[in-house]
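Coming up is one lone chain in structure tokens, specifically the form predicted alone.
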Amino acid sequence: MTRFTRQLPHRLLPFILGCFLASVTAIAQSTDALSALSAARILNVETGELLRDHVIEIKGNRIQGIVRASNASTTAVIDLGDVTLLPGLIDAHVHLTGDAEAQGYQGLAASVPRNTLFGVKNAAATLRAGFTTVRNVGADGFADVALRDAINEGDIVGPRMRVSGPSLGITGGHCDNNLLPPQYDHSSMGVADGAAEILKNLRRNRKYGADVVKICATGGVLSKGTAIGDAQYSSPEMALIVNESHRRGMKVAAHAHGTAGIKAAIVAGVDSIEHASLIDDEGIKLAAEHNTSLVMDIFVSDFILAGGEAAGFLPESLAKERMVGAAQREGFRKAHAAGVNIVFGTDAGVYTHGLNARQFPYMVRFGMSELEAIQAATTKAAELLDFDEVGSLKAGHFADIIAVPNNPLTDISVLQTPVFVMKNGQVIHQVKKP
């Protein structure tokens, strides 16, 4: 998803150069020598225990272990002072490619290469905000695959990524582009009607590097001409998608706002429901029975409604957001109370990248404890994304570590201002002490 159009390459060149230099600096900091991080507190996100007088030992890009400071095996200790260390955060629903300031018709101005370059900026902002892993759900032209690969190869700085490539949807549905009149005969790359087209698109996405599947099971808020409650793919079509995807080792994320589409997608076997805005009691029960994760972006509604028409949102999108925002938050509260697995995901790209952590206080306000909200963005998100080596601080995991002021278990808002970000054993961001 994209928002407000901007002008252009000459404005982006200094940023791209900065990202390149940052990546070179980060790579230069990489070492196989044993080092350690020290802080007032280290949070075990699995248990909620706060360790004091301990250090995290790091070798290369891996955590070697957490030991008492007195037993540290190295004198190369970075003391970060009165902060809390915790694993890098995970956002399971982002849209890194594209201009986060171009919504609606304004988003038509950018090409796939241009949107990929926006992704360079957005990836860096996301990482500096403490999100060391993301799942990108939807990108035309496999821009997200290119972005992921460039990050993995050290060409640019950004989070670890799971990527879907083009989202699958029906003609005229939420995953289609419905802004242009018929004489342009334009459809989004992932449009697939019927079994044959669905299988071909799934296999094409896999061929070109996608490692997760995104489908549209209902209409959406930001798409033109789609009703929120409109169930799009049929139950047999969704079952086909799930079976083929799981057979190929790929999980399925289903965009679903409407009640009927949510329940049909759960029954079809999808791994996560994105948004889940109008989920009802039966849908919550089904999610619990099927162990379906809910990825509910309960912050973004305020951002959309505050931005209004000036941000480029279509009038019909604003009307739909007014209809679903409050209902989604009540559904979040009820699903959490019922014990449904809720994973952190924000729809970054609808709002400015790097503000992802603003969702944490909303999660606490609508029923979660601070620890549960953190777990939604660490251990639970890692499980949904099939990233076994991130999401907690333990020996053998990647050295993806952030530091925040004070104690996030008593003030969740501190996650919005990380003072230290390490990814893969490399220091990406550090606020120097005065």
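One-based numbering along the sequence shown. Everything quoted here is computed from the prediction, not taken from an experiment.
Another form exists, predicted in complex with a small molecule; not displayed. Remarks below refer to it.
Highlighted residues 222, 325 and 347: every one comes within 4.5 Å of the small molecule in the predicted bound form, counting any heavy atom. Proximity of residue 304 to the small molecule in the predicted bound form falls within the 4.5 Å heavy atom cutoff. Of the heavy atoms in residue 353, none are within 4.5 Å of the small molecule in the predicted bound form. Among residues of the shown chain, residue 357 is not one whose heavy atoms approach the small molecule to within 4.5 Å in the predicted bound form. Contact check for residue 117: every heavy atom lies farther than 4.5 Å from the small molecule in the predicted bound form.
The partner is not drawn, yet in the predicted bound form one stretch among 152-160, 124-132, 75-83, 252-260 has residues with heavy atoms inside 4.5 Å of the small molecule: 252-260. Residue-level contacts in the predicted bound form: of 300, 145, 294, 170, one residue has a heavy atom within 4.5 Å of the small molecule, and it is 300. In terms of contact with the small molecule in the predicted bound form, the residue from 99, 176, 321, 271 that brings a heavy atom within 4.5 Å is 321.
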